[in-house]
Every structure is written in structure tokens, then in C-alpha cells.
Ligand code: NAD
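In C-alpha cells, the next block holds one chain alone, the form predicted alone.
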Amino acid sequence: MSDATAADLHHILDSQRAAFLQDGPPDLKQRRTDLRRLKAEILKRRTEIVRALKTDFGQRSERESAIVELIPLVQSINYMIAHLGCWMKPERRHVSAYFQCGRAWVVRQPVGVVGIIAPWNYPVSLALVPLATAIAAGNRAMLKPSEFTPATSAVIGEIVQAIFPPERISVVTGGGDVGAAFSALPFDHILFTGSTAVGKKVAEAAARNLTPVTLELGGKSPVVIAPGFSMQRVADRVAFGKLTNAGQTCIAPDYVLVHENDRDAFATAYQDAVKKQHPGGYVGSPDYTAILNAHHYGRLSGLIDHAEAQGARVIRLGSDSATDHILAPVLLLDVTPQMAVMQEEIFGPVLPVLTYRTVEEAIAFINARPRPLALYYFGGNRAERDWVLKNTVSGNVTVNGTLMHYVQDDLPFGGVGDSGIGAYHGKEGFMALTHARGVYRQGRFNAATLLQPPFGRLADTITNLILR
């Protein structure tokens, strides 16, 4: 696939919009057919997909790719197929007593053409779940995958081209300049997944066209561990969440808040959990993923070095390979909020541990920072759990686990504040990419006919009656 030019982008958008206006919204049968064809093509190319991912990352577990990329994607498509008929049904709405001869309802109308900008960390699922959502909502779509995963982007392009003509769905590639031009197109909706910094630029470009946006960003997602909770259980699930895709996950646990009396127990349990999950090491491992490129490897190494220079205790849990961008898990103790590792999203297998004395202190620490995309709470006391959830704000929450809220198809997925705008997945995705069109059918008689000129005493009586 050759990189798109600005002229190409405008031509594709114009052709999709013209086709949308000419053909009208697809019916339920067509949408389900399109989703089934997309699913079939994904499964047909399963081997190509995992090999492309391995090519782009250098070292990426083929099994993990199937688990974290393909399973959520296929499950999401299945869920849309099963529930789309219900979502598309007109919804009856209440009519006030003064208009009872009339009827009111809401229909969900496709917005038109959706622009989708996908990231590099999960380049298949975070491109094709939004695309499937746009299809379910009855829209045309233009998809721009990440330039940092070219092999995967090529396979995605082949999948789409095998099913859809370009006036229905089109995949465009290119670097930052193409991404900027893409964001500036007058789409009917833009769905972006990526960093907060780039998300702000996308929102700014979209605002010039009054284009609505769904921004799925990131942030520093905390883990709060209640005093005395089973450290083995916590450590195993935190290690899973932190080391999946080598921590290159927007909802990965970013740092841990543990009671000061439990810190050493957690540190020991976490080291044991990491060794249990990756007993063979990391360099050349079939189950461990490399950092995407030299830039990100260097950034993570810099965060570790800065923390160590500022007094953090660095516990390295394996061997690295700068040549292959393999960064083994790192545990950081004696961390302070001023360290660089606590100032930005880590996006790698580095886990800072901070301590608290009271739950209120942990809550205050979280609330003093930008709102995270995810929050993880471990504890058996329901009242304390509810207190933490009531007094913090985050995109989503998993209790006594990590990551698992993402794969619940009936839950909305999205951030708040710096971690995002809007939500998708399941019904919320369908709602985000459709317009709620209110319809009122006036009956033969209603009170409004008595409230029009020429006014008289009857109008006064009705007005006073309504304004009670």
C-alpha cells in the first residue's frame, strides 16, 4: 500500500459521502452480513495477522497475539451481530398529557462517514473493533492504522479490500503528515486511540470542522491494594496486567499503592509471580514481547536510570537486549512522585511501588493527578472498596484483577478528562456512532392548537394550568 496524499484523502471522503447519500443507511440484514464477512476474513488470515505482528515488534508471542488481539475482536463482532437488531429498533418516548394524541420516538441514524485512527500497541484489535462498530452503526469509514506497524497495516488493508469497495470502507497509510491531514478532514465523527498529546491535536483539528470525537487515550492507571489482602493473588494478577504486551497497553497497571506494612511482601510476591509467568527469561522468549522500537526502548531505559539516580531501588527481573529492544520486567521501590517515572505514562514493563498509611491518603494521591483510564482495586472489604470507587474518578475499574473490564462487551470502554472523551464497545459504541433522531408525530388534536393566535382567555387558562 502506498502512502495517501491529501488529495487522495479528500477524494475518498467525497466518494464515501456521495455513496452514503445515494444508497442510504444499510438495513439490519446488510450490517450483519458485513460483520460476518469481516469476522470470516479475520479468521481466514489469522496466521498472517500474528506473523505480521511478530514482524513489526521483532519479538511478539503468537499465542499472546491471538489471545489479546483476536479473541476480544471476534467476541466484540459476535456481540454486535447478536444485539444489533435490538439496538436498531425505534425507542418509544413519553408524550406529555397535553399532547396525548401524538406519538414520540427516537431512531438511531448513522452519522455518515467515520474516521478511525488506530495506534501501534494493539494494531489489529484497536483498528478493527472501531471499524466493526462503525459498520454496525451503518456508517462508511476511513481507517488509518499506525505507520509504526507497517506489516500489520498491510494485512489490515488486504482484509478490508477483500470485502469492501473503497466507497464503503477504505484503509489509508502514511506518517505524521498524513495523520494530521486525516484529522483535519470534515468527517461526521472521528474515533482516535493513542496518546493524550496526539489526542489533543486530533481534537483541535476536528474542532475546526465541528466534528465530534471519541478519544481513547491513556494515563497512569493505579493499583490500590487494601491492607492485609493476599499478596500472592494480587501479585499474580498485577504481573499479568503489567507484562501483557510487555506493558505496552493503555490500561496496564502503571503504579502500585500498597500499605507501608505490606510493601516488602508485595515486592517478594511480585518477583515470584513474574518468574512463574516467564520462567524461561525474556530474550528470545516465545511468550514475551519486545518494545516496539529503539526510541521507546531508550525512553524506558531513561526512566529507570533517572529513578535510580534520584534514589529509587531498582530490581531487575531478567536480562535485557538493547539490540532486540527486549526490556525485562523492572520493579522500582522507594519511588517519589517527583521522579520522571511518575510524571508520564510508562507504557512498558516497569512497575513503581509507592506506599500509603491510610486509604484516604491513597485516594488523595490519585485525585491529585489527571484522571486515569483504569483503576484497579484489590481488597475483600466491600465498604472500603465502595469508598475508594466513590471517591475517585477513572475511565473504568476492575476489582481484584487487571485488564478484564476491557473484554466485557456489555460495558462501555472510555476515559475521562486527560484519559479520553466518550466511550465505545457494545451498545455504547453503536450509540456514539449514530445520531439520536427524535421524531414527533402530531395527532389530530393537542393543546398546542389552543395556544396559538388569536389568543384569548382559554389560552390564559391553559397556560396557567401548565405552569402550576
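Don't overthink the numbering: it's just position in the shown sequence, from 1. Bear in mind the structure is a predicted one, so any value in this text is a computation, not a measurement.
This next part talks about the form predicted in complex with nicotinamide-adenine-dinucleotide (NAD), which is not shown.
Scan 377, 192, 266, 187 and let me know which has any heavy atom within 4.5 Å of nicotinamide-adenine-dinucleotide (NAD) in the predicted bound form. So the residue touching nicotinamide-adenine-dinucleotide (NAD) in the predicted bound form, by this definition, is 192.
Proximity to nicotinamide-adenine-dinucleotide (NAD) in the predicted bound form, single hit among 87, 297, 120, 99 (heavy atom within 4.5 Å): Here the answer is residue option 120.
Is there a heavy atom of residue 57 lying 4.5 Å or less from a heavy atom of nicotinamide-adenine-dinucleotide (NAD) in the predicted bound form? Heavy-atom contact with nicotinamide-adenine-dinucleotide (NAD) at 4.5 Å: absent for residue 57.
Can you tell me if residue 180 lies within 4.5 angstroms of nicotinamide-adenine-dinucleotide (NAD) in the predicted bound form, counting non-hydrogen atoms only? Looking in the predicted bound form, residue contacts with nicotinamide-adenine-dinucleotide (NAD) include residue 180, since a heavy atom lies within 4.5 Å.
Residue-level question: is residue 242 within 4.5 Å of nicotinamide-adenine-dinucleotide (NAD) in the predicted bound form, judged on heavy atoms? Flag for residue 242 set to no.
Answer with yes or no whether residue 198 is in contact with nicotinamide-adenine-dinucleotide (NAD) in the predicted bound form, where contact means some heavy atom within 4.5 Å. Residue 198: contacts nicotinamide-adenine-dinucleotide (NAD) in the predicted bound form.
Considering nicotinamide-adenine-dinucleotide (NAD) in the predicted bound form, find the one stretch among 88-96, 343-351, 383-391, 73-81 with heavy atoms no farther than 4.5 Å from it. Looking at the other structure, the answer is 343-351.
Look at the candidate spot formed by 126, 175 and 216 and say whether nicotinamide-adenine-dinucleotide (NAD) comes within 4.5 Å of a heavy atom in all three of them in the predicted bound form. Yes, the whole candidate spot contacts nicotinamide-adenine-dinucleotide (NAD).
Contact set, 124-160 vs nicotinamide-adenine-dinucleotide (NAD) in the predicted bound form - heavy atom within 4.5 angstroms: In sequence order, 126, 144, 145, 146, 147 come within 4.5 Å of the partner.
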